[in-house]
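Shown next as structure tokens: one chain only, the form predicted alone.
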Amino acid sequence: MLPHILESAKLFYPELALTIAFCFVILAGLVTRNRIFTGLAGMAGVLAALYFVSVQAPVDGTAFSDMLAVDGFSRFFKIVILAATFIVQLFSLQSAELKSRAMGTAEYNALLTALALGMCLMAGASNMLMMYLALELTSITSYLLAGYTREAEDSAEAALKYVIYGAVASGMMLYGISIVYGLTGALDIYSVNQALGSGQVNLWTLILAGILITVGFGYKISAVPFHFWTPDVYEGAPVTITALLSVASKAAGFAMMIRFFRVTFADLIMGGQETGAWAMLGGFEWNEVLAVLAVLSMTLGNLVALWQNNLKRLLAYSSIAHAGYMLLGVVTMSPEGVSAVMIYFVVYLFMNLGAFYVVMLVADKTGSEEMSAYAGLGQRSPFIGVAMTIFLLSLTGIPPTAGFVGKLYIFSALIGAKMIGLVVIGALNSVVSLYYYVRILKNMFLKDAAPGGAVFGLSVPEVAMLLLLLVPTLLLGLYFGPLVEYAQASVSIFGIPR
């Protein structure tokens, strides 16, 4: 047992780095209330975790009796999660909303580190019990961070709604896991796959269990109809936490969901022999369920966003719609579809965090997150106006921005799987999304600023942060070959036949 634990620990270095950083930040908070110091300590832990993920590159295996998988697929998503966490930590050092709180800065930075730990565990979880525990660690820290600015009424309301929805979703997921365990006698998803391959499992009970587990995944990725918490939580939480939930938490949920469906329900013998698609075990096509969730998420997210005047709520519904776009890649049940989702997450990381960073800057300088605060922004601060324009065009999927590349590979995977109807629905939804993004551009460039509207000056760190997010948003729209190759290689290491 001891040699196995020591061998597993070598594959667990990224998570150990985050655990040590979490403990250090808590202890540092007892000694000093210096917000900068505890923030830098948390950032050092995330950078250490990124380093350990990168040096793991040639190593693949499972840790702690198949509880965690360490492969190219999990490494890819861990890099996305840790990069998003690091950028949000940089946001946090600049946020006036967080600076206004004299207490609890160490706890904030410690919880950010714990949240990154939970999301990394979700990316590699290969045992249903570990999936549930990782989801709970992520959720509980998310609840606390969503209500961090507890002096604000909408923040407390957001945290309470998040707890209620999260408790219901995780309870249903746990019930589904218990049913699968009762059917197969296994919690390890590889053993469950073998049990399903024997054909001795009752189909309808399996469908019920799968749907209950899907509720947990749907809640984490903000897919319709499990999205009800998203607008209120995004609006009430600090902008920094909203940005992190919109990217990193969603990435962790997708990583866990893809691994679960790929390993548990895919026919590992027949899958990919003819079309590259995954053959499903048990006589039930789970991709049809995911297709319904994708269409609902895209359509409802975009249509409801049309009526929003609060930028955080608007981007919340936009996030729901983007979850629908990414689900389209999972629907194909093909290596091309999964690699397209991975490519999408990288470009989504930069363009979505960029949009939220602009929202944070404008809110810090005007005290408002409403659309009216953006009137004349292109004149008051041309650099912010141009940056926001590029981020919004990228979210729409207009070339030559990175968002176009993300949608291009999603739609290409659908065409390869002969799902032309979903391509049409996705394209029409992109057109709808253009309308509410253009509303923001109209306010920035075609409306005059209110009398007395101040000219925005940007500090050097703020300009540097905007450039850090803006340059990749443009560069990945023009030069994306290495990203595509890395994503496709990570899928093949995951074990999907090519």
Partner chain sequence: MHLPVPIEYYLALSAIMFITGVTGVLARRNAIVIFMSIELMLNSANLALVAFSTRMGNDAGQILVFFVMAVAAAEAAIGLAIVIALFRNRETVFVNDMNILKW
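Residue numbers count along the first chain shown, from 1. Computed from a predicted model, the values in this text were never measured in an experiment.
The same protein also has a form predicted in complex with its partner chain, omitted here; what follows describes it.
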Is the gap between Ala158 and its partner chain in the model of the complex 4.5 Å or less for some heavy atom pair?
yes
Although its partner chain is absent from this view, report whether Tyr317 comes within 4.5 Å of it in the model of the complex, heavy atoms only.
yes
Is there a non-hydrogen atom of Ala167 within 4.5 angstroms of a non-hydrogen atom of its partner chain in the model of the complex?
yes
So, Ile140 and its partner chain: in the model of the complex, are they within 4.5 Å at any heavy atom pair?
yes
State the residue from Gly199, Gly367, Pro225, Gly182 whose non-hydrogen atoms include one within 4.5 Å of its partner chain in the model of the complex.
Gly182
Students should find that, of Leu206, Ala363, Ile390, Leu144, the residue having a non-hydrogen atom no more than 4.5 angstroms from its partner chain in the model of the complex is Leu144
Partner contact check in the model of the complex: of 68 to 76, 370 to 378, 234 to 242, 355 to 363, the stretch with a heavy atom within 4.5 Å of its partner chain is 234 to 242
Kindly confirm or deny that Leu133, Glu153 and Ser178 each have some heavy atom within 4.5 angstroms of its partner chain in the model of the complex.
yes
